[in-house]
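Encoded as structure tokens, the following chain is the form predicted on its own, with no partner shown.
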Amino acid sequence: MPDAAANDIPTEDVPEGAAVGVRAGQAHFFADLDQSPVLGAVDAPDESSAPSSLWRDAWVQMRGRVLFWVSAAIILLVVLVALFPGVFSQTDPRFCDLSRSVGGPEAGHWFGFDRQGCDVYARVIFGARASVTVGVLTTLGVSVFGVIIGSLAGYYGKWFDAILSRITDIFFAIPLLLAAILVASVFSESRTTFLIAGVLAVFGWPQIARITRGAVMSVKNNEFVTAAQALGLSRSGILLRHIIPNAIAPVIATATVALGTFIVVEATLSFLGVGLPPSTVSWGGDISRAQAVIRTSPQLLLYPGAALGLTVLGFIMMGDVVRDALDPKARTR
């Protein structure tokens, strides 16, 4: 017997080719997909856009912050000065004329002269290379060594983690500056940029190792690691191809801030006379030589100090921006 409700449906309101259904006294019309192309366009996934990822989301967030562009401009300027100092100054920073001792600014000598009659502007420009080189080499060293130790300890765990963690604690208890002063004093006759960077790297890796260990322990329990194990991938392959790439984000943020810190440590060593030799032009050495005339000629301390502070500020600001962008909790707030 036909449903009474179905007989009450006004057929003039039904689209041509549409199916009619009745439920609880209510009529429902089902249009074919070809009659509603908009539905297909809405339901279809957008295959033209690039897939989202941690690094893509981080870049989108960073480029929208003024602090990122300011710090990037500072870092770019410092890197260009360190790589191509001759473009910014054609004066030999080691050429000194005692007749111009503590002389004021002149044409072509914008910052004046120091106690030995050397061009302060040229020394500030050429001093960037030594300071930035030590900072970059030290950061690379501590990052590589810290990631290796931290990833092995966090992934394999158990007694392996216990041994590496205790070694990390021992090095973490040694003050970085004090250890660098001691070792640099022993090699006082052969202090070079690579030696200072190596000394700082040997005693500066524990922080990176701890951060890597925690990140690896958090990542190794994810589903994609279990899937890689089910596919028969070796433990070393899982560590290198899946865990470390997904745990490296906090290491990059920490290393960016640490680079500025290592530049300060190098300047401190040179200021104390146990860093780079006097023959090497560096900001720390110029600051050390300027302290003798700080009351009468404070500008000799101001220029290299300002260059050092601006460089460190740029790397620290960049590190803060990178850390906020790579932190998933920060992106959801």
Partner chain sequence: MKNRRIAGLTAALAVGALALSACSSNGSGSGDETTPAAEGGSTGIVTAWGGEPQNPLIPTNTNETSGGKILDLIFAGLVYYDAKGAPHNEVADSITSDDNTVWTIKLKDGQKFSDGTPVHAENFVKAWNFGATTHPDVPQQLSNYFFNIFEGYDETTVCADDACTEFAEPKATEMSGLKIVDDLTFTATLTSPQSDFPLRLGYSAYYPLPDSAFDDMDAFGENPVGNGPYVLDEWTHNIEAKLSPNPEYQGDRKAQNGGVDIKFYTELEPAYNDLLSGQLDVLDTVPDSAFGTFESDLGDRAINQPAAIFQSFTIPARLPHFGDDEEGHLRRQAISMAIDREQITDVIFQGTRTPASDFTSPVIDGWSDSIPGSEVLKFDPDKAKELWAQADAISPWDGTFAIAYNADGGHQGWVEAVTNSIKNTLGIDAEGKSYPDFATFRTDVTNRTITTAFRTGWQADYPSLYNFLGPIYGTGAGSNDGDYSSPIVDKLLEEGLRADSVDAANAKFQEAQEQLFKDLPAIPLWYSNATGGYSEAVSNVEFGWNSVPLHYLITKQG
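All values reported here derive from a predicted model rather than from experimental measurement. Positions refer to the first chain, counted from 1.
There is another form of this protein, the form predicted together with the partner chain, and it is not shown here; the text below is about that form.
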Is Arg241 a contact residue for the partner chain in the predicted bound form, using a 4.5 Å heavy atom cut-off? no
So, Gln229 and the partner chain: in the predicted bound form, are they within 4.5 Å at any heavy atom pair? no
So, Ala73 and the partner chain: in the predicted bound form, are they within 4.5 Å at any heavy atom pair? no
If you check in the predicted bound form, is Arg191 within 4.5 Å of the partner chain, heavy atoms only? yes
Cys96, Leu233, Ile148, Leu80 - the one with a heavy atom within 4.5 Å of the partner chain in the predicted bound form: Cys96
All three of Ser101, Ser185 and Gly273 touching the partner chain in the predicted bound form at 4.5 Å, heavy atom to heavy atom? yes
Taking the partner as it appears in the predicted bound form, which of 104 to 112, 88 to 96, 132 to 140, 233 to 241 has residues with heavy atoms within 4.5 Å of the partner chain? 88 to 96
Taking the partner chain in the predicted bound form, which residues of 296 to 313 have any heavy atom within 4.5 Å of it? Thr296
